[in-house]
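One chain comes next, on its own, written out as structure tokens in the form predicted on its own.
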């Protein structure tokens, strides 16, 4: 018997779990996939938005600004990558300047301060961004825009939640939900009982809700496609937005914490089967749109293209509310700026839980999580680490400078990696120029050894996604 069941382990379910772990509650996360954060959290723009874009008075506007102001502290506590780079929305011709001014006023209404936003003239924009398009006339500068690493935001929050007592059940698909005195959640791994259920199932949230109560919303997946540029490309210093449209914030150029540049996304409603497929049309669209704001884009430096889905609702806003069935809380339609809003949403949802369960804070809650990153150590500290454990001196991924010790640590932590992509999400081998061409065999070997299974059974990202078919030279080691 649990106090709270959270359905879904994306950034929303993860931050809610961590917030609930501050209290004397028995909480479990149910996730249908092989690992956490494999939905929208896996593929998005990684931006901690300032709050300039949402319509004033919406939940998106409220939680965007609140979440942005919480991110730095959360990142410091949980050792999450966080790059305070700022951003700018650019007007590419004279007709857009008035729209830019309107966006400035909207940002103020949403709660940004005068010293956090300002209109830049053409010269100021060029001084800050040498590769800005020659057509750009002015820009709205956004001081509080930042960039993070979405996978690690979710993983770090879940790790810390588990350190503080939360449980996680993977490959646990919810099949039915009933309520008598308590909730009974039927899954592929049996029945879980709880006093409160939080539905944070992303693009499947409406389907999960319909298992218990008819939803007053529908989730329509929107696919976003992206390019990743190599880390040796110095294209932009800050996040460069076009003016937003009804389709979203537009095609953005985003510097990444680890040195890459991200270009995208598209924004197309698709069927669930197509939610992560890239397309020739989508990639062409990104090329055309980015050229309106940025010049000198080295498309020959693209090392990866990918697509992800966003859980857009028919209510055109976040849905964060208790349903008519008391204790069943929907946290749905969390598309952009959901990554930014997540820590603020988690506090709001915890307050909703508090209306059903008396919340008492733990005296021993530990807010801190730390990981070993050898590329952040100075020479003296690195030498001491290697003396204690020489596996931290064995480079596995040359592109990202990741060691065997870091890979092993990622496997044995709570919420540890069990697949090639799981290791990539936690410590980045396979994220660089060769995209795993050199390091993937080593990662497979380490996973097999540490998990004590045959290399043939190592999955790429989910059950049944084994990479190796058979041994060609002797026995697999």
Partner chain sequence: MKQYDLIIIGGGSAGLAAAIEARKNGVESILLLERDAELGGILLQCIHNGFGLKVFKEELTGPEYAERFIEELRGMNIEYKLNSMVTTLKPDKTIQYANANEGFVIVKGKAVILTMGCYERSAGAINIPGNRPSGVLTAGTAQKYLNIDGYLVGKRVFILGSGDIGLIMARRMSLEGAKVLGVAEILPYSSGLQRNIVQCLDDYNIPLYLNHTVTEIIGESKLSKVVISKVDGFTKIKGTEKEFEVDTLLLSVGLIPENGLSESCGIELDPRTKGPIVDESYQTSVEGIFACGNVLHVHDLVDYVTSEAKKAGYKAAEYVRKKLVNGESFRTIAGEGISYVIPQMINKDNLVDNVELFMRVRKVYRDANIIIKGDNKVIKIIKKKHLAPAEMEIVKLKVDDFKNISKNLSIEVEV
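Numbering follows the first chain given and starts at 1. Quick caveat: nothing in here was measured; it's all calculated off a predicted structure.
Another form, the form predicted together with the partner chain, is not on view; read the next lines as being about it.
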{"query": "Triplet 303, 440 and 467 all within 4.5 Å of the partner chain in the predicted bound form via a heavy atom", "finding": "yes"}
{"query": "4.5 angstroms heavy atom contact with the partner chain in the predicted bound form for residue 390", "finding": "yes"}
{"query": "Proximity of residue 398 to the partner chain in the predicted bound form, heavy atoms at 4.5 Å", "finding": "yes"}
{"query": "The partner chain contact in the predicted bound form: residue 115, any heavy atom under 4.5 Å", "finding": "no"}
{"query": "Contact of residue 462 with the partner chain in the predicted bound form (heavy atom, 4.5 Å)", "finding": "yes"}
{"query": "Heavy atom within 4.5 Å of the partner chain in the predicted bound form - residue from 372, 133, 279, 122", "finding": "279"}
{"query": "Heavy atom within 4.5 Å of the partner chain in the predicted bound form - residue from 69, 414, 445, 418", "finding": "445"}
{"query": "Stretch in contact, per heavy atom within 4.5 angstroms of the partner chain in the predicted bound form, of 374-382, 211-219, 91-99, 187-195", "finding": "374-382"}
